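Let's start with one chain on its own, the form predicted alone, as structure tokens.
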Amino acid sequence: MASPAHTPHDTAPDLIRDTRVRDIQTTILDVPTTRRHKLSNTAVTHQNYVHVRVRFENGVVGYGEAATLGGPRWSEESVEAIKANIDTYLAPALIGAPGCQLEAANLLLDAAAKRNTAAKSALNAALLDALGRTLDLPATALLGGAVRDRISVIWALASGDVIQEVEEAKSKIAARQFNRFKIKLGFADIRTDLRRLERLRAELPEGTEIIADINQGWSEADCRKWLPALEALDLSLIEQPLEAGNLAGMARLAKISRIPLMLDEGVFSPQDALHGAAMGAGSVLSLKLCKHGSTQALQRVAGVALAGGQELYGGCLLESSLGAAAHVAVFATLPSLTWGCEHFGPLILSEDTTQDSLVYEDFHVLVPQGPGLGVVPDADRTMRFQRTE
């Protein structure tokens, strides 16, 4: 729904006065991917989303998205649980509340339900989108202002078929969309994974940046044995090789690894970030709205990580352009984003879910200029991919 027309006599206080939340709707979408995407503990051929629609009393509508990977396997949330908890607990807490007061809304959500960070982040994004559309401002302006208008992007290779992956990577380089790649490991035996990495390193142009994401798939003993082999392949980064709760083991590995280690599933909250940085459990931190629960919380986690000497990486969970736009907006406001971001999700879907997809050029994703998140769900595709039972 388009924002209502405003006259030159309208003032910001007048516009904000009618931003109380009138209603909230949720929809589950199942969107096919262009290829099988494998992780250490699951594989997906369809990406699952919950789209959230928030309407203010002024009639303005905003949208947000929560993504999961194959059910409650990446975290405890599934799209079924996200929808149920929004409909039953979180949405009622926001009805009638001022949508312009984003931090107050976050507190209401935290009081209504513990964790449920993906569900909360989708609501937060929808409020941010509706507020931006009310004021005719991009989301970045409501988050402190952008310090970059484009972000270097990383593509994930995760089919497990090295011939397909080489072809896929070369096509992304030729199209000038991606020239940095993350390789999903942990779903095969280690020697097979290493042979796959060796083939990719040999086939891709010299100097191509390669990141290994083990998705909690190795033990500390595995890492100690095989770190030298990963170092010989000149990897740029290793993501979350150990189980999320094993920060002590990550810290021990960080002391012996010449490749930087990145925390992902091990850090959800600012307290987690403080603990990980203080222990030296990784010199890089992956940021995701589905972990942190809101754009404001992501900024707080990023601040803790930077204060602890960690570098920042913009992570993803195969979001469509709707979910990716919320991430890109907040990433654009961070004072430092050393590793760029990984928001390739819109391009791995058979069809994006929005009217205008994010734009990728010269190995960067462009930050939408708004208003709000700068993208709107496509009604026909939403209906086609909507789960009906």
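Residue numbers here begin at 1 and follow the sequence given. Note that the structure is predicted; figures quoted are calculated from it, not measured.
Note that the form predicted together with a small molecule isn't included here; everything after this is about it.
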Problem - Distance check, residue 69 to the small molecule in the model of the complex, heavy atom within 4.5 Å - result: yes
Handout entry: in the model of the complex, residue 235 touching the small molecule (heavy atom, 4.5 Å)
Key = no
Exercise for the section: Using the partner position in the model of the complex, report whether residue 272 sits within 4.5 Å of the small molecule, counting heavy atoms only. Expected result: no
Problem - Partner contact for residue 288 in the model of the complex: the small molecule, 4.5 angstroms, heavy atom - result: yes
Handout entry: Which of 55-63, 25-33, 316-324, 349-357 lines the interface with the small molecule in the model of the complex (heavy atom within 4.5 Å)
Key = 316-324
Problem - Answer option from 75, 283, 215, 117, heavy atom within 4.5 Å of the small molecule in the model of the complex - result: 215
Problem - Contact assignment for the small molecule in the model of the complex, among 156, 169, 105, 259, heavy atom within 4.5 Å - result: 156
